[in-house]
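One chain comes next, on its own, written as structure tokens: the form predicted alone.
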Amino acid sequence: MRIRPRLPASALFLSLALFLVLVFYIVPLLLTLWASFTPIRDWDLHALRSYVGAENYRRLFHLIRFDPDVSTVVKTTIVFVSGTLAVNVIGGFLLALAAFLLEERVSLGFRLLWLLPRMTPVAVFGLLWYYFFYPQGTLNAILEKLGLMSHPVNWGQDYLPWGPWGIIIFVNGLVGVSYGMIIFYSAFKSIPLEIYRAALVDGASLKDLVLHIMLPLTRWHLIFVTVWQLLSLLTTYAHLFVLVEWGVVEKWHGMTWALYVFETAFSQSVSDQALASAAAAILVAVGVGLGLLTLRLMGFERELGAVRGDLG
């Protein structure tokens, strides 16, 4: 009688995760890649049977070179991702530090306050900033009351490019900064109190604690938050869509590459799924490349090779 070898428990636990990755990521990615080599438009699925080679990629790069609107989308994406990433990582670290230094009851309320933008529905959050930045909105009213301006201005439409760029970074930074705050706060709390106390007894200042204890001991968290937020921002478009759709910001200076993919595929005036698929494929390639580059620059491999603890 032959006894069938039993699968290890790890394989059983991983099988569901691998299945979900296959169904919801790998298969859609392969379909997107295939669609980028077809002439599909207006959701004509019969066009998926045709093959046009790299024509959609040639069209896309032609638009980037010669269409000022599409080239603006590229610039907006670079500014948005880099600016919001800095806000989310540095801001998240500083907020976590503030929450760590506060008394626990005050710290809890402080953290909940910063979680509100993330918990607020996209439409509600977008409506809030619509009324804030609109020419007859809250910001202009405050500035007029203070005597800092004589007439209302449209911050997201008139002051190109930094007006709309500043608004989209500000709004999305408020949403994303809480993620880094939670990760870094939990990292600070995981450091044994004896290390903090010993450093304080030796006369360490807050600056010394941050530079020589908190940053070195939370390096893994810093790498994770940076890479996670980078990849997340590359594919973010929900809040941007609301800001652009409602006219809070000028269209092309408020549109990132991810939103351009969405608009190209689903807009009734364009509905070019082939071009959108090519743009999405490039976005995936850029995301993978930037993710690996960030891991390398932040010393991910060196951290993996470091000896942790006493194995003797």
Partner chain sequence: MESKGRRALAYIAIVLVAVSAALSLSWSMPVKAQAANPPALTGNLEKDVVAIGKWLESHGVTTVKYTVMTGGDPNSVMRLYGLVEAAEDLNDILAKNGVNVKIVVTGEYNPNPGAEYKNFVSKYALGQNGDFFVNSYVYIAPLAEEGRLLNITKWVEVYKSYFSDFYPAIMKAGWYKGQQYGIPQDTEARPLYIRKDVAACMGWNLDDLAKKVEEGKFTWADVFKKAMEAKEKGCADWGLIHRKGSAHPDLIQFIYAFGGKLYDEKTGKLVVDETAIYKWFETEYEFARAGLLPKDMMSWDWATQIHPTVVGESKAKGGTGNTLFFIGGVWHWTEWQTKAYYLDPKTHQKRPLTAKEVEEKFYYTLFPAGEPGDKPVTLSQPFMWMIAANAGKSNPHYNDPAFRKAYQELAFLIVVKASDPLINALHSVMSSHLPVREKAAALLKDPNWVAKLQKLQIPVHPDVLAKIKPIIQKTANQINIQFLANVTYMLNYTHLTPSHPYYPKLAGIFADAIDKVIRGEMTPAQAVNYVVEKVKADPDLSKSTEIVGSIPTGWKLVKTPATTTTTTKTTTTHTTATSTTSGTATTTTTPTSPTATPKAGGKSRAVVIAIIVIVIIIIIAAAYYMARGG
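No experiment lies behind these values; they were computed from the predicted model shown. Residue numbers count along the first chain shown, from 1.
Beyond the structure shown, there is the form predicted together with the partner chain, which is absent from this document and is the topic of what follows.
A.B. asks: Name the residue from Y131, F224, Y159, Y196 that puts a heavy atom within 4.5 Å of the partner chain in the predicted bound form.
C.D. replies: Of Y131, F224, Y159, Y196, the residue with a heavy atom within 4.5 Å of the partner chain in the predicted bound form is Y159.
A.B. asks: Report the residue, out of L206, V124, M119, L112, that has at least one non-hydrogen atom within 4.5 angstroms of the partner chain in the predicted bound form.
C.D. replies: When the partner chain is considered in the predicted bound form, the option within 4.5 Å is L206.
A.B. asks: Hey, in the predicted bound form, is S271 touching the partner chain, heavy atoms inside 4.5 Å?
C.D. replies: Answer yes; at least one heavy atom of S271 falls within 4.5 Å of the partner chain in the predicted bound form.
A.B. asks: Do F266 and the partner chain come within 4.5 Å of each other in the predicted bound form, heavy atoms counted?
C.D. replies: Because a heavy atom of F266 falls inside 4.5 Å of the partner chain in the predicted bound form, the answer is yes.
A.B. asks: So in the predicted bound form, does any heavy atom of H151 sit within 4.5 Å of the partner chain?
C.D. replies: It does: once the partner chain is placed as it appears in the predicted bound form, H151 has a heavy atom within 4.5 Å of it.
A.B. asks: Would R49 count as a contact of the partner chain in the predicted bound form, using a 4.5 angstroms cut-off between non-hydrogen atoms?
C.D. replies: R49: no contact with the partner chain in the predicted bound form.
A.B. asks: Taking the partner chain in the predicted bound form, which residues of 49-70 have any heavy atom within 4.5 Å of it?
C.D. replies: The stretch 49-70, when checked against the partner chain in the predicted bound form, contributes R59, H62, L63, F66, D67, P68, D69 at the 4.5 Å heavy-atom cut-off.
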